[in-house]
Structure formats: C-alpha cells, structure tokens
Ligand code: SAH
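Presented as structure tokens, the chain that follows is alone, the form predicted alone.
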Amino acid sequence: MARNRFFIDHISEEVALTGDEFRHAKNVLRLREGSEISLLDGSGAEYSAVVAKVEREKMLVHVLEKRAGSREPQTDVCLLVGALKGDKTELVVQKAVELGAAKIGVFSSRYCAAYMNANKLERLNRVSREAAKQCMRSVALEVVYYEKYEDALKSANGYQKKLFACEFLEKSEGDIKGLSGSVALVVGSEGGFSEEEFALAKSYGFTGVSLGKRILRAETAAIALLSVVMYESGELG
C-alpha cells in the first residue's frame, strides 16, 4: 500500500479529497495526477487509489482495490489518562496510537491542573489521525474526554483486566506478566491520585500496580505502562 495515506468518511469508486486532507496532499506532498495513495475510512479496511484530477479546492481520486488492514492490534487495550499540562497529552496520544492502543480516554481528577475544551479535544483527535497515518494503522482512534473521573472508570466496564498505576503503592497488587484478553489502564495527571480515588477505582475492579521506586512523570508513566502491557499481550513481539 502507498505510504501517502488519507482518512475520508465515505469511500466509493470515485471520491474527492477536500479540506485539510486536500491541502496536505497538494501543498505538502505535492501529489499530481497519477500519484498512488491509500484511503482509510476507519473501518480497518485500506483502499489503494490513484489521483485522477487536481482541482482548485479538491482532488479527485479513483479507487482501485479494497483490502483488510494488517497493522491493527489483536488485543483491546484502553488507555485512560489524566489531562496533562501543555502538549504532554498530545505526546501520550501520539505514542498510544503508535504502540497499538484500541481506545484512548482523557479525564479530569482531583489533582488535575490541566483543563480541556473543544479546541484541545479536536487537536488531540487530529494528533491521533496523524499518528495513525505515520505508523500505518488503518483506524484513527477517537480520543474521548471524561469531565468526571468516575465516568472514565465506568468506561472500562467489561474489560477483563484493569490496571491502575498508583504512585504511592510500595509494590504491585497484581501481576501483569503474560496478559491475555482485553486490558484497561488508568494513569493519573501530574498531581497524581488521592487515596479516595484509588479506592473508587478498586471498587470498579481495578488492581493497583507500581511502576517502580522512582516517581515517573505522568506522560512517562502512561507510555511506559502501555508499552509493558502491549509487550506482555504479544503485540510488540
């Protein structure tokens, strides 16, 4: 499949690239008639296509073939992370997509110092799409925001394994080796969690895990824990 990849909502035999995707194709990649590209509709399928015509506001594309994407994870891993200051949440989203997370949620909690709005959430979803293109995934994950911490915990209902990264645990309460089945992870914001928030997570079936004797930055903790889980699930082997 071509490395130039574009997300489009509805794919038929003839489609048009418009908006940001069109501007990127024309002005950055400088694609011309005859250029080979790949189209993605978020279903997990990939479509090989060729540019048929470049117009002022759109690029007409002819679809040649549909095939199943081969780079989506087999394990359903959900990462729930506290909102982080600056562009740190964007970093976590980018790396989570690359590592193979199936779902990403961002939440506010008691000691969270960052805030979220519609523009920031839109930016996170743009980061998700660009990361999916870069790592050759077929699906751009939707980043969901939970204003209430408890709603984030509830979103993990049905997951077979639930892990809660807790900075004040001296040792992990459960083993994360040889994971199988779906996994949900919770990692806090820069301010960490309160004892009450940990207790609430345990009431929803989460098991506390320690990430070692050193206190990690929140973004490091999220990426490190997800990496370990993806490895133990066989996704990085």
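None of the values given here were measured: they were computed from a predicted structure. Residue indices: 1-based, along the sequence shown.
Not pictured, yet referred to below: the form predicted in complex with this ligand.
Residues of just one listed stretch (26-34, 186-194, 43-51, 65-73) have heavy atoms within 4.5 Å of this ligand in the predicted bound form: 186-194. Heavy atoms of residue 214 reach within 4.5 Å of this ligand in the predicted bound form, making it an interface residue.
In the predicted bound form, this ligand stays beyond 4.5 Å of every heavy atom belonging to residue 200.
When this ligand is considered in the predicted bound form, residue 166 lines it closely, a heavy atom lying within 4.5 Å. Within this chain, residue 210 lines the site of this ligand in the predicted bound form, having a heavy atom no more than 4.5 Å away. Contact residues in stretch 91-117 (any heavy atom within 4.5 Å of this ligand, taken in the predicted bound form) are absent; none meets the cut-off.
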